[in-house]
Ligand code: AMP
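One chain follows as structure tokens, the form predicted on its own.
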Amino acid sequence: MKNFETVKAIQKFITSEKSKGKSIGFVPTMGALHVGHLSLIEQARTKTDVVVCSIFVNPTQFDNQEDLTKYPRTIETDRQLLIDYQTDVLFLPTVQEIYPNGMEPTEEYDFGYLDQPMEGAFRKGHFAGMAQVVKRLLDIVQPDYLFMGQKDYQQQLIVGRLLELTGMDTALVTCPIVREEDGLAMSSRNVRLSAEERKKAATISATLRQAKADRGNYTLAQTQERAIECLNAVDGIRVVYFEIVDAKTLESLDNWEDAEQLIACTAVHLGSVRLIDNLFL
């Protein structure tokens, strides 16, 4: 696996590979890699000739400084995992490489309603910072395919819109959520859970599955209320939101029949850790 820390070095390599007719697959991450990330690497390997993974803990998308400070950093373990999964390139830039002119956004994007509900409502500036770094990374790597996970559902919808707005010649590939045996969606933040919290965390996916089962037996509003009650009943869990929305627009719905495809999205605090998950209904 080749390792690059500067924009100049990785762009020279990618230009060379593209001149040979090779396709580039890109998996952007913030490190603390787990099987979910590695499933994206596997998908990229099946679809492209050269797989690039970046590890960059982006300061501009953290609305909470404590969350940024506590975000797990396990670079040597990550590096070995990427080697084991036959990743071709690791891009490990500094903040200065990504933001040579400072971290203030130089471009604003109109995502319509996509960045307003759920994560957008509770994490001010998060999606602006995310879009800023994704655009910068895409400009650097120039991939043919961008691989992202469904767990950050709202994020990947916004990235899809970003690609449309900028006219970039990159195709977004959204990959399924990878879960633990008890259903918990894999996340870099899971390592911050205590053993007791880890057991309680399984309630999140169980509640999503129950919401899916409730369709047809309860109204949409009743289903949301039941889910929130179920989560809040667990000691240590505080619901940030649980919403059933149009999977394309993220708009709230009154009835099950109001959208062609629906998705239930939730965020909770479990102790000091914030977790998100979703499930198509």
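Note that residue numbering follows the sequence shown and begins at 1. Given the structure is predicted, the values throughout are model-derived calculations rather than measurements.
One more form of this protein, predicted in complex with ligand AMP, exists but is not displayed; see below.
Worksheet item: Heavy atoms within 4.5 Å of ligand AMP in the model of the complex: does residue 29 have any?
Response: Contact check for residue 29: yes, within 4.5 Å of ligand AMP in the model of the complex.
Worksheet item: Can you check whether residue 138 is within 4.5 Å of ligand AMP in the model of the complex, heavy atom basis?
Response: Heavy-atom contact with ligand AMP at 4.5 Å: absent for residue 138.
Worksheet item: Would residue 192 show up as a contact with ligand AMP in the model of the complex if we use heavy atoms at 4.5 Å?
Response: Flag for residue 192 set to no.
Worksheet item: Should residue 176 be classed as touching ligand AMP in the model of the complex when contacts are defined as heavy atoms within 4.5 Å?
Response: Output for residue 176 is yes: heavy atoms within 4.5 Å of ligand AMP.
Discussion item. For the interface check, one of 239-247, 224-232, 37-45, 210-218 should have non-hydrogen atoms within 4.5 Å of ligand AMP in the model of the complex; which one?
Written reply: Of the options, only 37-45 has residues within 4.5 Å of the partner.
Fill in: in the model of the complex, the one of 71, 85, 109, 145 near ligand AMP [non-hydrogen atom within 4.5 angstroms]
None of the others qualify; the residue that does is 71.
Item to complete: Consider the chain as shown here, without its partner, and state which of 128, 206, 163, 186 has a heavy atom within 4.5 Å of ligand AMP in the model of the complex.
Response: Of 128, 206, 163, 186, the residue with a heavy atom within 4.5 Å of ligand AMP in the model of the complex is 186.
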